[in-house]
Ligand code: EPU
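Shown below, as structure tokens, is a lone chain in the form predicted alone; questions about how it binds or moves come after it.
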Amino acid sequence: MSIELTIKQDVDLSSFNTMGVSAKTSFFVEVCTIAELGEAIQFAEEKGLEILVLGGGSNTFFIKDFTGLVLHISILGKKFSSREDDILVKVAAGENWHAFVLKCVEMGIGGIENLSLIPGSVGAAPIQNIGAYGVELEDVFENLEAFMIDSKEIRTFNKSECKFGYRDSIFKKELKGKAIITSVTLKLFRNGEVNTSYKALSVLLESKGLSKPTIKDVSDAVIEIRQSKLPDPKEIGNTGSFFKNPVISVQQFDLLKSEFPELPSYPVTERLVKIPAGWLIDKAGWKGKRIGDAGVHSKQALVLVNHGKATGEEIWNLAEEIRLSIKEKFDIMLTPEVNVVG
């Protein structure tokens, strides 16, 4: 074990998760290099400890304490490589996602401006296949590198190998707990068209008289929309969207539409339709509700919040009540978008 690697015991994780719930981990280590990552994993294996990888903590929800080793990924670095038609950007997993987006916007590099203000680290982005306002990570994805726990080697994954889906990837399923993302490479552009297909985005841009918006115009508009809807974790604990937007069959949608004519939807395929989970939660009467310090945000029902000292268990109990009520009212079972620990 190198001297540089400092492993702490019984660390409180309140400041390492944006929901701000109190949870402890048996062991905690911050890794800044691939070599340190390898040593940390060796330590965990020698002690027989379960490993939890933590980046920005914006998509991790703790119900209770974690009896294992938390790896806080702090590997940093960015490399820009210009090609004839595009720019490849290799970004280390520990970089802050939004700061990276703003850097690209500042440099006039486009492709991810619609993903502005999404919290978390770069390494977490492919796991969730993050997406917003008409763009998903897979749209600009080239490849990623991951440390394979079994072989202790770095493996490169192309887009097809990542098995991206809606807020999903191979790293949430077959490779969960088996691979740790260390860097992500994206294919971006300097002179491409911006994506304004998302209605709320195009409406805001038009209201500002921006008929030919720039990359920065789109980024600024996305930030404005997100700030108007979503609470700042620095002001009130939250993990952003707590639930996935459910995807249902056209047949089920037609039945619901007959009962709820105002039900919004987004086509996925000829047979599948996506329904806004926030609309369902709002319609079921949960928007703005509070039970103790656990609550549903008053402006966006998809966001559960910690008003101060709610425990992970209290917030989870609220989430379960919401899920059951949505199932009873709409016959749809919501799925958490957050990574639940405990």
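All residue numbers refer to positions in the sequence shown, first residue = 1. Only a predicted model underlies this, so the values are computations on that prediction, with no experimental measurement involved.
One more form of this protein should be noted, the form predicted together with the named molecule, which is absent from this view; the next part is about it.
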### Which of 41-49, 24-32, 277-285, 62-70 sits within 4.5 Å of the named molecule in the predicted complex, heavy atom basis
277-285
### Query
Can residue 264 be called a contact residue for the named molecule in the predicted complex at 4.5 Å between heavy atoms?
yes
### Message
Can you tell me whether residue 164 touches the named molecule? I mean in the predicted complex, with a 4.5 angstroms heavy atom cut-off.
### Response
no
### Message
Please determine whether residue 126 contacts the named molecule in the predicted complex, using a 4.5 Å cut-off between heavy atoms.
### Response
no
### Task
With heavy atoms only and a cut-off of 4.5 Å, decide whether residue 90 touches the named molecule in the predicted complex.
no
### Contact residue in the predicted complex, from 131, 213, 94, 120 (heavy atom within 4.5 Å of the named molecule)
131
### Task
State the residue from 301, 54, 315, 37 whose non-hydrogen atoms include one within 4.5 Å of the named molecule in the predicted complex.
301
### Message
Need the contact residues for 186-217: heavy atom within 4.5 Å of the named molecule in the predicted complex, sequence order, or none if there are none.
### Response
198
